[in-house]
Structures are given as structure tokens and as C-alpha cells.
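We begin with a single chain expressed as C-alpha cells, specifically the form predicted on its own.
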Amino acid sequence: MSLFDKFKQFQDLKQQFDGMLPFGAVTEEILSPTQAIVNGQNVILAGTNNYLGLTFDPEAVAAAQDAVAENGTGTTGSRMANGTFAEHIKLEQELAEFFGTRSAIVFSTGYAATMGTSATLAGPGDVILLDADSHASIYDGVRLSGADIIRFRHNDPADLEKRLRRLKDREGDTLIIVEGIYSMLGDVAPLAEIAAIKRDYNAYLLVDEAHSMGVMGDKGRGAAEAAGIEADADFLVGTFSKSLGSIGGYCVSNHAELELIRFATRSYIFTASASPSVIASTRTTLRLMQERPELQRQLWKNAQRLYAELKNLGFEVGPQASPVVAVRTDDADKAAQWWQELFALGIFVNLVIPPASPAEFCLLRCSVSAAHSEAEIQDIIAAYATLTQ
């Protein structure tokens, strides 16, 4: 038994797609929030999660530039050592104010936020119930927690309740973890039903708003706001790398214990804090998101149009319209061929194959942006139409 035997499946996968795009595709120049030069070709970016299109906003860019000049390129330390700057504290205060919560923790990446919180909230003797389609960062976190882990069927409140019923007297030691919008198929969690079950069984609820912050809710706070269950969401986690066009993550809560959790979360304690430029641009885009609600409206207009048109073309898409618009196929070779044909037509989407996809199928995944023009959305639709001919 070799140390490397477990990687054979990836060697087989590499051989299957060796030399093919998108594996190894290099973005050589970013031209705008929606266009870039990739492997020498000008393409429309249709898979960047840049939901509000804020990556090139002049105010955000200027804030980042000023922060580099004033505070340097990095903190060179963790938040628990020398890495807490005044701007980190200000961002945490602004996030808490935005979400209407008692406090917030800022992490260096969204992965660190979700994984670290999932790993820390529950421990040995506790129970975690998580949606089967949860993100890899959630799975990684719960494995580290030492808690008993139970999966329930994706977006199935009845299955969640059945599993909670079996726990009997362990209800108060139970954490339920779900996402707002799921990143692969773009479906939204039935949070109203999940929150009702959470209340009935005296459990705790964590909602990952990575793909729903800035996308859902009248104030852009996410799926919990849109469902009217923020009071039932004990913890909200998410990322700055989608709607806020930056990098980093957060956890917000009304539980006073969040400040204690800060001192127990390894992905917070043992990694360097976010660079000053990152914090500065994030603070700016958080403000801009609130000042420009029209961005969310434009995002949904683009998303609903693309979803409807791809569905009309006969593609198997996700169960509902959202800014994540994914076309499903069970044929990996066809998925790769379709990706290359789209790329040749100047459309750069995400190719998702097992084990990254939530089941044994492949996805051509678009993530729509408010910055996509009507002409760019039409170009994406037209490119997909050629795949049906």
C-alpha cells in the first residue's frame, strides 16, 4: 500500500481531461467585471460569482489603494497576535450593524469562516445535522468538530424532522447547518420550514449565506432575511468573495457567546489576518451594496432571463431561478465538449464534475452578475443554443 494510492482516482481524471480546458485555463487579463482574456481569448465571464459586479468599482479600488499606501501590503500576523488593525474592528462593527446582530467575527477567507465555525460550535457529545448538499467547507468543519454527524436529504424539512425526532433528549445539544442558496444548482433552502422545526426541537441553526448575501432580502442580508427567519438563525456565516467582490468571511450572531467562540476557532486564531487593502475594499462594497439596491434588482432580471431561456432551449437546469444557473448532464465527455464549444464562442462558464458536483452528474454552471449587459446575456444564451443544434 503506497502513500499515494489514494490519489489514483485523480490521476485517472487528469488523464481523461489532460490538455483540455478549463483545466489549467489561465486568466491573463481582467478587462472588466464581466470580460477577460483567458488563454489568449476574449471571453464573457459567466462563472465568477461577482453577483453585484463591484470588483472594479472606483470607490472600492481607491479605498484599497489608499489602504496599501497607509498600512502596507499585509498584517504579517494573526488576529490573536499582531494582526488586528483598527479597520478589522470597524468592519466587524459595520457587519454587526448591517445584520442587526450583537457582534461579528471577520475571517481571512470565507472557507475559514464556514469551516472554522462549523468545527467549533459543536463538539464531542453534541449533534450536527447538515444538509447532504452542504459545501465542502462545512463538511470539513463538522469532521473536525468531534460531534455526532447526521446528514438529512437535501432541502427536505420532513427528513430533518424525522432525524431530530429520533434524537429525543439530545435536542438542546443539536446544531442544524444549511445554506441559503446552494452553490451548484442555485436552489434556495426552505428556511421557513427549517426554522419552525428548529424551534419545535429546541435546536440551534447556522445558515451559510455565501451565495445569498447581497442577492436576497430587501436589505441584501440574505436568505434568512428573505424568509423572515433571522430571529431563528443563531449564526449566519458567509464570504466577501461573492457579492462584495473581495476575499474574506464572517460570522454574525446575537449570542453573546460569539465573542468566546472567537477564542476557540482555530481558523481564526492560527492564520494571518486579511490585508488592509482587502478590508478597505470590503468596507466600501458593503456600504455600496446598501446604497445601490438597484444592483440586486438588475441581478435578478439577468438571472431570471438566462434561467428561462436555457430551460426553453431544453436544457436540464436547477429547480428554480437564481443567480446560479446550472445546466446538468450525466455525460462527463459531453460536459467537457460543451464547455470547450462555449469557450470557443467566447463564453467562460464553470465545468463541475464529480466529486465536486453534489451527485454523479456534471454541471455547466453560470453565475450571473448585475454587471452583465443585456447584450452579454443574449450572447450567453446564443452560445448555449448552438449546443442543441
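Residues carry their position along the shown sequence, with the first being 1. These numbers were taken from a predicted model, which means no experiment stands behind them.
This next part talks about the form predicted in complex with a small molecule, which is not shown.
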Subject >> Per-stretch contact check against the small molecule in the predicted bound form, the hit in 222-230, 206-214, 146-154, 283-291 (non-hydrogen atom, 4.5 angstroms) >> reply: 206-214
Original post:
From the list 183, 174, 120, 267, which entry has a heavy atom within 4.5 Å of the small molecule in the predicted bound form?
Top reply: 183
**OP:** Please pick, from 111, 315, 235, 307, the one residue with any non-hydrogen atom lying within 4.5 angstroms of the small molecule in the predicted bound form.
**Re:** 111
Original post:
Is there a heavy atom of residue 137 no more than 4.5 Å from a heavy atom of the small molecule in the predicted bound form?
Top reply: yes
**OP:** With heavy atoms only and a cut-off of 4.5 Å, decide whether residue 273 touches the small molecule in the predicted bound form.
**Re:** no
Subject >> Any non-hydrogen atom of residue 78 within 4.5 angstroms of the small molecule in the predicted bound form >> reply: no
Subject >> Touches the small molecule in the predicted bound form: residue 241 (any heavy atom, 4.5 Å) >> reply: yes
